[in-house]
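Shown below, as structure tokens, is a lone chain in the form predicted alone; questions about how it binds or moves come after it.
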């Protein structure tokens, strides 16, 4: 019985379709399945919700348009007009993380954003692309990013070391923030939910707590998608303007 209520059991990766390529395990797992579901759900919202193009938009079309405007404003505020070419990439990141977080709130589903392997892979892709953008825009002048203007020569070695370490730790801080928040929240939900049945009629207290934490977790799910996306915008802005 104790094993059934193990709060970490919900994060277990399970193979659905085993695929072996030599020594490489490319199996289709429950994590892969819910990534596909998140992509399909986000695509369906954006494609089918706006297809009618009604003069008075329905709730789904309104939601799709608000999502588009929300990210468009985020890109404009944090990157400027130079950020327009990167809007599709940024919008895709936001929708993928958001739907992954929200779908993971459905009972008996799986939250792939609670795994460091997933969030770190996304963060590394962003890191590499941002670095490529910086080199394309500025060439070797990009290295001036690691020495802020006006720094005394005597402090240059220290500042360069700090800036280089800060730059290369970006993907790790970006990935850990998302994974840790989602994992902690879902673990807390599982722990509180485990007290409901054993307490019988007194389970009303953990039920109330479960409802409150669930509402908070939905808010966190949105905020983490927002933070992940806005940090991506900031990194792209740094690559373009070398701030």
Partner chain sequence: MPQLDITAFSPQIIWLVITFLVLYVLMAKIALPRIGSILEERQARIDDNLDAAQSLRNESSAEAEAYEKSMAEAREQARSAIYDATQEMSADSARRHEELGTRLSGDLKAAEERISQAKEAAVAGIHEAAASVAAQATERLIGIEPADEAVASAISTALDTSVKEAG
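Residue numbers count along the first chain shown, from 1. Because the structure is a prediction, the values reported are computed rather than measured.
The protein also exists as the form predicted together with the partner chain; that form is not presented, and the subsequent description refers to it.
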(request) Answer yes or no: in the predicted bound form, does the partner chain come within 4.5 Å of a heavy atom in every one of 173, 218 and 224? (result) no
(request) State the residue from 92, 109, 131, 78 whose non-hydrogen atoms include one within 4.5 Å of the partner chain in the predicted bound form. (result) 92
(message) Between 191, 39, 213, 207, only one gets a heavy atom within 4.5 angstroms of the partner chain in the predicted bound form; which residue is that?
(response) 39
(request) Mark residue 157 yes when one of its heavy atoms lies within 4.5 Å of a heavy atom of the partner chain in the predicted bound form, and no otherwise. (result) no
(request) Answer with yes or no whether residue 138 is in contact with the partner chain in the predicted bound form, where contact means some heavy atom within 4.5 Å. (result) no
(request) Classify residue 96 as contacting or not contacting the partner chain in the predicted bound form by the rule of any non-hydrogen atom within 4.5 angstroms, answering yes or no. (result) yes
(message) Please determine whether residue 116 contacts the partner chain in the predicted bound form, using a 4.5 Å cut-off between heavy atoms.
(response) yes
(request) Mind telling me which stretch in 138 to 146, 101 to 109, 117 to 125, 159 to 167 gets its heavy atoms within 4.5 Å of the partner chain in the predicted bound form? (result) 117 to 125
(request) Scan 169 to 188 and note down the residues that get a heavy atom within 4.5 Å of the partner chain in the predicted bound form; none is a fine answer too. (result) 179, 183
